[in-house]
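Same protein, same chain, two forms; see structure 1 and structure 2 below, as structure tokens.
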Structure 1
Amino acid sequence: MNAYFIRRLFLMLPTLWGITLVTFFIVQILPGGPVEQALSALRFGGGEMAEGGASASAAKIEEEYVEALKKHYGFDKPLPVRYYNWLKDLLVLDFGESYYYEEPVIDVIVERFPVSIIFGIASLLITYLICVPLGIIKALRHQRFFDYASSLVIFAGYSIPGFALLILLIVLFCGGSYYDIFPMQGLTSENFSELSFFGKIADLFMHMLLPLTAYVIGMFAFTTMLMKNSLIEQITADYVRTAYAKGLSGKIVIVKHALRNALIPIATGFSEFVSFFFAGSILIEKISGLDGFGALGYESLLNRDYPVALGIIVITSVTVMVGNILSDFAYTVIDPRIDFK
């Protein structure tokens, strides 16, 4: 078992190398890079070439300016050389400097960590702590009133896109034509530092509730129904009927036998949650005024901020691969009989 996980860890290296190789070349060949953007700003910001006799001189100045920009951003070197230099720096966890923010990429990314981690962990806890028990109850009360009523509510929420639900909640509860209960945007209030400990918790709760609801609404329904259907499948299995025939109580059969096997499909979704910590949701973050990884990734591509975009891709790829390993580890915790070779 330990050898399996060690192999998985070592296999992350060539996988990550392949991801960086493909993404680096794709990102680098995107049109409208930092050199083109700086040149456009010069041309349309009052730096147009002069007319008449000065045109040749202006063209020469512009050419020298372009060459200086290429050297500044490292585009004066061939693409394979740029990749080699970037990969060499990456091995020592140096992600380079942001073109747009003009500061180290790692600092730009770390600034967005709080939003992504807070919402990621909260989404994980809410989904698993509520959806798993709810799915179990629905399975044990299959085709009864509670099952039908809860399914109606769950699928109604599932049918609404997260960003659309957030807009609706903002209109209803954020000082529009109806109620003024929750703040409209941001993660904290302006006077957050002046609040007491419990006041800060309450302030975070009021800011997080609506966007967090929009975050989890889709995964909430999926996880609940997956848990229910998985448990129903186990309850109808032959080994469960055999356990009942041996005289075991329903509680022991469900909890000790059926539930353990039913949790295995749930463990597969763990890696998705880990990646969701960093991917976030662009629309939800933009609507809520949250500075998370989703908004940062979108802005980095929009601004052709290659170092930041590549840094996000690398970090997200590593977390997804680690999440997959943790999912396999969760298998062995749920059912020790599973033995990866």
Structure 2
Amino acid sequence: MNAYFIRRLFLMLPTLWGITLVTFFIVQILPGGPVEQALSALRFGGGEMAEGGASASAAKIEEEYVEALKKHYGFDKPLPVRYYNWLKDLLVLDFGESYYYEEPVIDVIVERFPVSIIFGIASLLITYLICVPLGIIKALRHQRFFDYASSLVIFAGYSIPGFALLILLIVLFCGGSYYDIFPMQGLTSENFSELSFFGKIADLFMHMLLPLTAYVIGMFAFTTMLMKNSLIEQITADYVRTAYAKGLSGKIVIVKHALRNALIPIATGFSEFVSFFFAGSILIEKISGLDGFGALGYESLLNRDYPVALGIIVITSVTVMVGNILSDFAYTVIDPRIDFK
């Protein structure tokens, strides 16, 4: 079994290589790169200077400037060479330097970790503290009042895009025209460093509650239904009928027999925690002004900050792939019958 997972890890390499190849060339071929951006800034800013008789020398200056810019951004070399260099640095985890922030990409990315970690931990907690119990109750009360009533929430979760809900929550609770309970933007208040420990936690909570609600609502519905359906499937299985037949009480059958098996698909989702760390959500972070991973990726695309954009794509892809392998691995640990060979 271990040999299988080691092979899976090695099979990641060609896929990863394919991803770097595709994204690098897409990003580099597209117009509007940093050289063109700097140039248009120059033309726009220095437009008056270039007017009149000095246009010939201005053109020459511009040409030299373009060459210098290209050299600065490494665009003077042909595309395959640039790719080779980038890949070589990538092997030692050097993602290059951000055009926009002018510091190493890895530092820029690490700075954005706190928001992503909060999102990750919160989604994990909500999954296990709310979705699992709720799913179990829904399964046991299948097609009864509680099931139908809670389904309303579930369907709302399925059908309301998180970002749209966040805007409504902000309109309602952030001083638009109704209540002014929560701050509208950011992760912390300005006086955060002066607050006591609990004050800090309360401040974070007030800032994060609305974006977190919007962030987890879709996942909340999905995980609850997964838990419910998984338990229903187990309860209808033959071994549960056998357990009833030999006279066990309903409680014991559910808790000791059905539930243990029903939890397998949920438990393996634990490995997705890895990718939640990096997932973030572009829209929610943008609306709430949180500086997380998603917002960074979005800005890097708009600023044409290619080293950051490429770094994020590579890191995200690796975590997704590792997450998949871990989740398969968790399956085999929890349920020894499963064999991927």
Partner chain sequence: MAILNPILSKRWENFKKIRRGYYSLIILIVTYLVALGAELWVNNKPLVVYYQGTYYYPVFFFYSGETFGEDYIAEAQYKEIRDRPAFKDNPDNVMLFPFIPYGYNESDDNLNASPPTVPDSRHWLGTDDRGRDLLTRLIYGYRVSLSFALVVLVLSTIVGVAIGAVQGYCAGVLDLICQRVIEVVSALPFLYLLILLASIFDPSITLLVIIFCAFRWIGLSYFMRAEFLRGRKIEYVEAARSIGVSRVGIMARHILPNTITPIITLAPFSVAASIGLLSSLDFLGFGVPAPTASWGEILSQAHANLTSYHLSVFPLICLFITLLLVSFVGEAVREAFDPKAYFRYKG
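Here, a residue number simply tells you its place in the sequence of structure 1, counted from 1. Think of the rigid core as the biggest set of C-alphas that the two forms share within 1.5 Å after superposition. Note that the coordinates shown come from a computational prediction; the quantities given were computed from them, not determined experimentally.
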TODO: Sort out for me whether 1 or 2 is the form predicted together with the partner chain.
DONE: 2
Open item on the list: So with the rigid core superposed, the C-alpha of L13 shifts by how many Å between the two structures?
Closed with: 2.5
